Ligand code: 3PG
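Only one chain is included here, represented as C-alpha cells and corresponding to the form predicted alone.
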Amino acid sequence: MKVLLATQKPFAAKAVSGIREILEAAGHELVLFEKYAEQSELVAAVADAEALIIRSDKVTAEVIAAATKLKIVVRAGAGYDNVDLEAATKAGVVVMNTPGQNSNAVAELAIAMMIFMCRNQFTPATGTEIEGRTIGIQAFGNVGRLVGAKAKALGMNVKAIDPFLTAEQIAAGGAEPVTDLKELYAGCDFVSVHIPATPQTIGSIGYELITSMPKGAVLVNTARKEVIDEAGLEKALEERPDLKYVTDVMPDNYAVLQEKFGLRVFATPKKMGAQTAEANVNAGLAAARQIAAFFATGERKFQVNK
C-alpha cells in the first residue's frame, strides 16, 4: 500500500525514519510530501495514495474526492477538526487520531503559560505564585489529567468538569468534580481549556463565563481558537482589568487585544502544544503503527468517524 506522509510542517527526521521503518516492515511504501505551499498541491498529491498521515494539514472534501484509492487517514495528534469527517465517511475512508501521544507536551505548556502570566510575562514587575491557588480543568481527558497532576505537584487545588465522565471517574483522576461550568469558572483562579471544537463548543467560552472568574484569574487555552467567543473575550477584558488570557492558538483579534491589554494577553506565534521532539516522534510512530494494524487486521480502535 502507498502511504503518503503529507505535512506542511514536517516531522523531525527521527520520526520520519521511524515511520518509514514501521511501514516498510509491514510491506508498505512510504512517500514524503513535505512543506507544500498550496492546498491544491495536496489535492494533486493524494491521487494514488491508499493511506494518509497528516498533522494540522486540511483534509477537505476536495482532498477526499481526489483520493480515489484512499482507505485511511491518520491525524498524528489528538484533534481532528482539520479532517472533513462527513466526506470521509461518505467515501468509505476511515479516519483516526493518535490520542495521548502529545498529551504531556500540551500539559507542560499549559502549566508554563500559567506561570508566565503570573510573572507578568517575565517582565520586572512583581508577580504572583500559583501554589495554594485553584485550577479548574475544562475536559478531563489525557491532557486534562496530566495538567491536574502537574498542578497538584506544584501545590495547587484541582477541580475539573467533563460531561463524558462521572464524578467518581474525575475524583479517581485526582480532581474535585464540578458538574456546572459556571461554578467551575467562578470558583477557580485559573481555568485550563481542553475541549475540542464542535458545533456545541464553538464560541461557548465568552463574556459571561470569563467575567464570572475571580479577581486576578487567568484563562488558559491550549485547545482550539474556535471555542473562544473573541468578541466576548475582548469585552470581558475591557470590563475586568484584573483578568488575563493566554493561548497557543492565536485569536483573530490578537492585534487589537495586544494593543488594548498589553501584558494581560499573550498568544504564541503558532500552535506550540505538540512542538516537542518527544511528542513529534510519539505521534508519528503511533500513526504508522495504526496504519499497519489497519491493513493487517482491520484494527479500528482509534477511528473517529464511526
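Given the structure is predicted, the values throughout are model-derived calculations rather than measurements. The numbering used is simple: start at 1 and walk along the sequence shown.
This next part talks about the form predicted together with 3-phosphoglyceric acid (3PG), which is not shown.
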The stretch from 112-120, 147-155, 225-233, 78-86 that lies within 4.5 Å of 3-phosphoglyceric acid (3PG) in the predicted bound form, judged by heavy atoms, is 78-86
Heavy atom within 4.5 Å of 3-phosphoglyceric acid (3PG) in the predicted bound form - the one residue of A49, I64, A274, V265 that qualifies: A274
Heavy atom within 4.5 Å of 3-phosphoglyceric acid (3PG) in the predicted bound form - residue from S56, Q39, Q258, T68: S56
is_contact(K9, 3-phosphoglyceric acid (3PG)) in the predicted bound form, heavy atom dist at most 4.5 Å: yes
With a 4.5 Å heavy atom cut-off, would you call N221 a contact of 3-phosphoglyceric acid (3PG) in the predicted bound form? no
For N102, is any heavy atom within 4.5 Å of 3-phosphoglyceric acid (3PG) in the predicted bound form, or not? yes
